[in-house]
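Next up, structure tokens for two forms of one chain, structure 1 and then structure 2.
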Structure 1
């Protein structure tokens, strides 16, 4: 293995998360050389230099284009707002770099297709930032399904709720601009679809509805601006394996703080998971005396890899940033030519096409096949 040179574009919420992962992956896993934090790019040279000092990058630039062509950079982390993903990822791939791009892949189907074409032409690894699939508990659910613990799954329900846009008087932000995408569908829905992707394979057709709880929001200048995206979305789905399902999304759900609720119903039992309690899963198996049947709670522990790389004792729990470190290790594994637990552009495009089908269904009504 080689010491990968890292380029980071953007240092907001997810940029810091990527930086923490690149810094921690070697000491946590112990089986990879420490990546070299080569170049950091931000909107201005001054901000880039400040963040480079804080995070530990060797150099800083106010022009992301110089980063993607820098010979010291092997992998580019793209953690900017959604509208910039396509141009940055494509430029990095065309420059011969591997890409780790935050979700969603792009804000339009056309841009996502361009990104996929660039990835195929480059021959480089192009991965998307779906760290929720890295949770050891999600891997356990996959194993329970493989072991047929709940029988054939016939119905799936996924809900994703947060309240960061619940207050109607919060200031207008880029998440309410049409340039950011559809809204809850590609901000939240892609996460739900990533879980479906790793657990079941994908979605065949959809029937959706979207809603705007608030017509406008105040601006910093004192006026109000019309909201252009949809903060609520509900979609009936049919999985590729024939099972039915529902995906419900809400960015304005008071009291919810990062909830992804997954319920899987099978012929012999059920599985329930809620990310607000992200280190546990509930399993119901229809076995034994009916009067004593019930859900049992399984707590994550070192017996659920790679939890053991972080903590030697069960029940202490991993967090959001830990999942990103796991994802970083999977990315390095893939770059080294090994099989990896990732959603690359080849899988990500299916998620983007599903989101587009959901949006078209919500606009036109009725069932829409996922192309």
Structure 2
């Protein structure tokens, strides 16, 4: 296969992450051709050129529209703020490019549906950046479920908590404006749902509640402004496979930095995981003599692919940015026509619909079926 030509739009938090992944994917894996870093787009030509030099892109542009139609580009990384996702992804797909778009898909269900339609019409790969599912430890969990190590799962609990909105005296920002979305539901909910998606499939119905820990926040001008988004969201769920569960999200949770805590209870055992200790998974199986049963802490190692492609020794630790390198390789394989572990637009839209059902339930106060 030929070397893919890469177009990267955006070099912020996730743009840098994509850049590092495109650079590292070939040396890390050794089984995919080294991508050709073709064009980088940023808000201005000057910034684009600076970043292209740092990262090693051949060309730079201040106009993303020229990037998505550039003949040297085969895949477009869309890493700009959420409100731009739809236009950029659709334009790239219409130009016949594969798309790797950061989550969430869009800022409205209608935009997300338009993106899906464009992907279907193009016949190109349209993947979303749900990197937590790429953790070798999450793949291990998937494998443990497949091998029936904990039996049929009948109850799940997911928590996602950070504290970047925890200080009530932080200034009012766009994150507290209704135009940014629901709040914790779309900011964090999509991550929790991406894990449910790869581990179990879909959610059947939901019953949600949202809350504002702080009614208002100070403004730069010295006054106070009412908060419009919900930093806390808690939802009872029923999965399509019949399991019950709860998803609890809080972006004002003091002390939590990157917590994504998962608890899975099955008929033969249980699994627990916390993203803050992303190289560990807890496994309990009701096997063997009772005197020595207990949750065991499994440390990620080369026996948990593709950890082995990064480090040959166990317990040395992958990092958050490494997950993107794994995702990048999945994307390349998918473009090559192979099966891959990815959340594409077809799955992403179901995550968005579930978030929407959660929001409607929280508003209306009862159980809502996921469409």
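Just so we're clear, the structure is a prediction, and the values are computed from it rather than from any experiment. Just so we're on the same page, rigid core means the largest C-alpha set that superposes within 1.5 Å between forms. Residue numbers count along the first chain shown, from 1.
Shown first, as structure 1, is the form predicted on its own. The Cα position of residue 226 differs by 2 Å or more between structure 1 and structure 2 after fitting on the rigid core.
A movement of the C-alpha atom of residue 122 falling short of 2 angstroms is seen between structure 1 and structure 2 when the two forms are aligned on their rigid core.
Superposition of the core reveals a Cα shift of less than 2 Å for residue 259 between structure 1 and structure 2.
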